[in-house]
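Read the single chain below, which is given as C-alpha cells and is the form predicted alone.
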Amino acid sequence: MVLCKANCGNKAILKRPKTGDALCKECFFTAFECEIHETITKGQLFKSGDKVAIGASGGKDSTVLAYVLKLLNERYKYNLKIVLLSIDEGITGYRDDSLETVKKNRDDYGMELKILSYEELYGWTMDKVVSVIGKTNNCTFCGVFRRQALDRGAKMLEVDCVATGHNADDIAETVLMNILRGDMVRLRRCTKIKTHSNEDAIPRVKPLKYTYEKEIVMYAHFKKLVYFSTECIFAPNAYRGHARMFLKDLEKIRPSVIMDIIHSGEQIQFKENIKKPVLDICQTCGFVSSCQPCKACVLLEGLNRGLPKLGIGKKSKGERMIAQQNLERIHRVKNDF
C-alpha cells in the first residue's frame, strides 16, 4: 500500500502527472485548487467586485474552471460576479449537444448564461461555411469568428474580463505551433496569462495556465462533474492536432516538457526591430483589429460575395481583391449617372 505523500495517513489513489506525487483524493483536490488560487492571486487576474464571464463550451476545461472559480470565489472571498458565455458555432451533432451540458452547469452552479450564435452575429453557421469552403480551412473561419464573438458577448454582458479554460497543454501546443509557423507576433502573446488589445478592450485571463490537462480530467472524474467530451467533427484536420501529437510524444520521453515549453515561451526575448501590429478599431464592425478591415469582416465579406477563400492565405491578396471589387463598385455607380 502506498501512503499519501501529504502525510495525511490515507492511502494514495493517484499519481499526479504534473509532479509525480502519490496523493489521496482529498489531498489532490486541495493541491489542485490551491495551485489555481495561487495562479489567480500571483497573476492578479481579478479585482474585488469584477464581473467575470467564463467562456463556457461544456467541455472539461470550462466546466472545471466554472466549478473551481465558484468554489475559490466563495472560499477566498474574491467578491466576483461570475456568468457563463457560450458561443454556438452551428455545428450539428457537436455544439448543439455540448450546449445542453452548459445549461446543466448553469443550473448546477446558479450562474447567468448568455448564448450567442454565429448565425445571429454573422448570418452563417459553421455547417454552412464548411459546405462552401470544405474541411481544409474551416478552422480559420471558426477561430476568427469565435474570438470576435467572445468580444461581442463580453461587451453585451458588460463584464470586466473573460476567463477562458486554456490549460498548460493548450499553451504549450500554441507555443510549438507559433514556432513552427514562424509567427513571432502570436508567440510574443501566447504565454501571457492576461491579454488585452488596448486599454478599452475587455481583457482575457487564463486561470488554468499552469494546470495539466490530465489533472483537469482527473479532477472532473473524482468530483463527478458533468462535461461534454466529444471532439469537434471538423477538428481532425486542424493544424493544432499535429502539434498536440508531437507534444504527447515528447511528454512520454520527458514528463516536464509541457511546463518546460511554457517557461521557454515566457523567457523568449525579441529584437526591438521586430515589426509589431498596430492595433486599431475596425471601421466596419467597430471591434479591435490590427488591419482594415479586420479578419472577421474580410472572411465574412468573402462568404457573402461568393468568394469564400478571400481571407485565406496572405493578407495582401485578400486586401487586393477587396480593393479591386470596391473600385468596380465605384465605377458601376459612376456609370449609373
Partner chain sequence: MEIKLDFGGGAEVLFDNIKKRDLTLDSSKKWTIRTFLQYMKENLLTDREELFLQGECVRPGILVLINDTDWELLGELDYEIQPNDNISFISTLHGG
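Predicted model, so just to flag it, every value in this text is computed and none were measured. Numbering follows the first chain given and starts at 1.
Another form, the form predicted in complex with its partner chain, is not on view; read the next lines as being about it.
Participant: I'd like to know if K70 sits close to its partner chain in the model of the complex, meaning any non-hydrogen atom pair within 4.5 angstroms.
Facilitator: It does not: once its partner chain is placed as it appears in the model of the complex, K70 has no heavy atom within 4.5 Å of it.
Participant: Verify the contact flag for E213: yes if a non-hydrogen atom of it lies within 4.5 Å of a non-hydrogen atom of its partner chain in the model of the complex, no if not.
Facilitator: Yes, contact at 4.5 Å.
Participant: With the cut-off set at 4.5 Å between non-hydrogen atoms, does E74 touch its partner chain in the model of the complex?
Facilitator: No, no contact at 4.5 Å.
Participant: Can you work out whether I82 and its partner chain are in contact in the model of the complex, taking contact to mean some heavy atom pair no more than 4.5 Å apart?
Facilitator: Outside the cut-off, so no.
Participant: Has each of E158, C297 and L303 got a heavy atom lying within 4.5 angstroms of its partner chain in the model of the complex?
Facilitator: Negative, none of the three is within 4.5 Å.
Participant: To verify the annotation, which of these, D96, E231, E120, E112, has a non-hydrogen atom within 4.5 Å of its partner chain in the model of the complex?
Facilitator: Only one listed residue qualifies here, and that residue is E231.
Participant: Only one of K104, K248, K128, K135 comes within 4.5 Å of its partner chain in the model of the complex by heavy atoms, so just point that one out.
Facilitator: Filtering the options by heavy-atom distance leaves K248.
Participant: Give, in sequence order, every residue of 1-39 that has a heavy atom within 4.5 Å of its partner chain in the model of the complex, or say none if there are no such residues.
Facilitator: Stretch hits, in order: V2, K11, A12, I13, L14, K15, A22.
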